[in-house]
Ligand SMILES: Cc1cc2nc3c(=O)[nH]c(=O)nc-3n(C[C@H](O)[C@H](O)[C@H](O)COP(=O)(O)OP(=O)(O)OC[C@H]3O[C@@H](n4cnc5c(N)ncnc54)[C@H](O)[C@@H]3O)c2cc1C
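Take a look at this one chain, the form predicted alone, written out in structure tokens.
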Amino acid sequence: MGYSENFDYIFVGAGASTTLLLRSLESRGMLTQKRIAIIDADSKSINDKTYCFWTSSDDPISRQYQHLFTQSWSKISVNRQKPEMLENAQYVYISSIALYDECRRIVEQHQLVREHSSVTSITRTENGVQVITENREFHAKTIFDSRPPAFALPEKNEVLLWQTFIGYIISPSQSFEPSDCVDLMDFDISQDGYTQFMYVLPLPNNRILVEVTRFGIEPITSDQAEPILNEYIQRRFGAYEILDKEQGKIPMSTAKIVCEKIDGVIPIGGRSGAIKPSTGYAFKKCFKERNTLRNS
């Protein structure tokens, strides 16, 4: 085991919930004269997922994060029905790499410590909280833990499903005129015994995000998703080039989150229950966690 260091705050995980909270602390001047570490085994160097949410022009999240918006839409179509205008609202897209880069900016600008290793344990000690990684020990007064949540076995009338998705960002061979409409939940694909649908999000520069999503007990695999994506894209857009890929797995459960309560450890993100079990949306709830340190 390597040497030990002491910090004011430690963030376990460097995803959306950590970035949103760090930005809030930065805006309140709470990163100055503080020793802060961020621990995540993943370097967060690739665009591996998309964050979408509903908002409006007067929503605080729009005012504070508009510079990270890749695209927004004022119309939606559900199951390929006639597009409908969103009244006083918009559907917004933020790429994960934009958030990861924002986290890197904060780390560099405020000289925070960034540790690329896995956390093996978090325990309470006489002097605070101890975090042990593969490489060394960390100690802090407060830990923000955004590791993926675990769920208790669902009881009667409770459920644990997975929303899994695999998507391509494509460039169609024929020039694509971007629209102000996002296609949500197009069920015109094989269901394969699950609930499956497509998302189609037109992006700038002749790009389109096309994503197959499954609600079910078992996650969709690449072998299952790729034929569905290929057939759907060719049917709607013809020949295409894959520019990027993304995939993810979101727990959708009404069961209790199993999380050991440790004094000084604050769950954030999915671990705090931020994921809405009916849709999988979590970004705006993570944004509201910016108040976690309001009185600290």
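All values reported here derive from a predicted model rather than from experimental measurement. Heads up: residue numbers just count along the shown sequence, starting at 1.
From this point on, the text means the form predicted in complex with the named molecule, which you will not see here.
From the list 26 to 34, 60 to 68, 228 to 236, 42 to 50, the contact stretch for the named molecule in the predicted bound form under a 4.5 Å heavy atom rule is 42 to 50. In the predicted bound form, at least one heavy atom of residue 165 sits within 4.5 Å of the named molecule. Shown alone here, residue 248 lies within 4.5 Å of the named molecule in the predicted bound form, counting heavy atoms only. With a 4.5 Å cutoff on heavy atoms, residue 9 does not count as touching the named molecule in the predicted bound form; it lies far away. Remark: residue 207 does not count among the residues lining the named molecule in the predicted bound form, judged by a heavy atom distance of 4.5 Å or less. In the predicted bound form, every residue of the candidate spot (16, 281 and 286) has a heavy atom lying within 4.5 Å of the named molecule. With contact defined as any non-hydrogen atom lying within 4.5 angstroms of the named molecule in the predicted bound form, the contacting residues in 112 to 131 are 117, 118, 119, given in sequence order.
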